[in-house]
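Read the single chain below, which is given as C-alpha cells and is the form predicted on its own.
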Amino acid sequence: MSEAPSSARRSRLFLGPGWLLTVALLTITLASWFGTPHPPNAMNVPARLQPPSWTHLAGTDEFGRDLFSRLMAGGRISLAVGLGAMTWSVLAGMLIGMLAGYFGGWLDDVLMRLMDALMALPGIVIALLIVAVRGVGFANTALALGLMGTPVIARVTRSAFLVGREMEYVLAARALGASSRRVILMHILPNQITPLLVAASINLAAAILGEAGLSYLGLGTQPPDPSWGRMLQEAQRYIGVAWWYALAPGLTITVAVFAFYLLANDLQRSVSRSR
C-alpha cells in the first residue's frame, strides 16, 4: 500500500531538476531563436550598475550592459561547451572502458593505469595546460574539459562490461559464434546504457562548472562574448556597491550545476530500484 505514495514522491523529486533544466533550456533556446531582451554587448554607460528592475531584470554591469541578456547569451556558450566536453568524454571513455572491460588482461591493466594517472592529476591543471598550449577557444576548452571527464566514463563503462560479459545471454551469443563487435554493440552496451547516462549527466554539470572556472581565470570564453565565469570575475570589483552583479552569474551557475547533479542522482536511484 505504501508503494504508490513512495512512487509519487519519487516522481515529484524527479520533476524538480526536470523543471529547472526545462526552464534553463527554454531560456537559452529563446535567446537563440528570438534574441535577448537587450543586445548582450551593447554598452549604455549612463545606465551602469543599475539594480534589478522591469527594464533590466538582473540589473546592469559597469558598462550599462543588461545582465539578464548576458546571462542568456552566456548560457548558450556554457551549454555548448558542456555538451562538447560531455560528447568527447563519453566517446573516449566508452571506447576505453569497453576495451578494458570486455577483453581484460594486459589491455585492461594498461588502459586503467593510464586512467589512474589522469585522475591523479588535478583536473583544472590539465585543463589549464591544454588551453595554455593549444590556445583559448571553444574547441580547446571542450577538449580540455572532456579529457577531465574521460576517466569517470571509462571506469563506469568498464564496470558495466565486466558484469555484462558474464551474463547468460552474452555467453549464449558467443557460443552461437557472434563476433566481439556484435556482442559489445548489440548485447552488452544497450543493457548498460543507464549508468552511462548518469555519468554523462555528472560530466555535463562538471563541464559547465569547469568552463565557468576557466573563464573566471581568463582562459575560457574571451570578451566581449559573455560567460558566466567571466561575469563573476568582473563583478568582484563591484561587489560592495552592486550586489546583484555577482549574484546573477553566481546563482545561475549554482542552479544549472545543481539541476544536473539532481538529475544524475535521480537517474542513479532509478537504476538502483530497477535492480
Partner chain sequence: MVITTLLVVVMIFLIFRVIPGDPALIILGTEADEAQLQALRSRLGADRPLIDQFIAWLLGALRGDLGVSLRFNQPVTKMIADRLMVSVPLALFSVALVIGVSIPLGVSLALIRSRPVELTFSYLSQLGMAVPSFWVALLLMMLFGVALRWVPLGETVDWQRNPAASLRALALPAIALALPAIAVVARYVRGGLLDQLGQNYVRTALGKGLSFPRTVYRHALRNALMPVTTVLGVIFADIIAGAVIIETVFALPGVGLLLVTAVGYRDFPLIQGLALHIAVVVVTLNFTVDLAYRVIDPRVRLDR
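Residue numbers count along the first chain shown, from 1. Keep in mind that this is a model prediction, so the values were computed, not measured.
What comes next is about the form predicted in complex with the partner chain, which is not displayed.
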query	finding
Output flag, L71, R76 and L197 jointly within 4.5 Å of the partner chain in the model of the complex, heavy atom basis	no
Contact residue in the model of the complex, chosen from L91, M167, A117, M186 - any heavy atom within 4.5 Å of the partner chain	A117
Residue (of V133, A172, V163, A139) lying close to the partner chain in the model of the complex, criterion heavy atoms within 4.5 Å	V133
Segment assignment from 189-197, 76-84, 97-105, 123-131: heavy atom within 4.5 Å of the partner chain in the model of the complex	123-131
Q236, heavy atom within 4.5 angstroms of the partner chain in the model of the complex	yes
Close approach of P52 to the partner chain in the model of the complex, 4.5 Å, heavy atom	no
Distance check, L232 to the partner chain in the model of the complex, heavy atom within 4.5 Å	yes
Y216, heavy atom within 4.5 angstroms of the partner chain in the model of the complex	yes
Those residues of 225-259 which, in the model of the complex, come within 4.5 Å of the partner chain by heavy atom	L232, Q236, I239, G240, W243, A246, L247, G250, L251, I253, T254, V257, F258
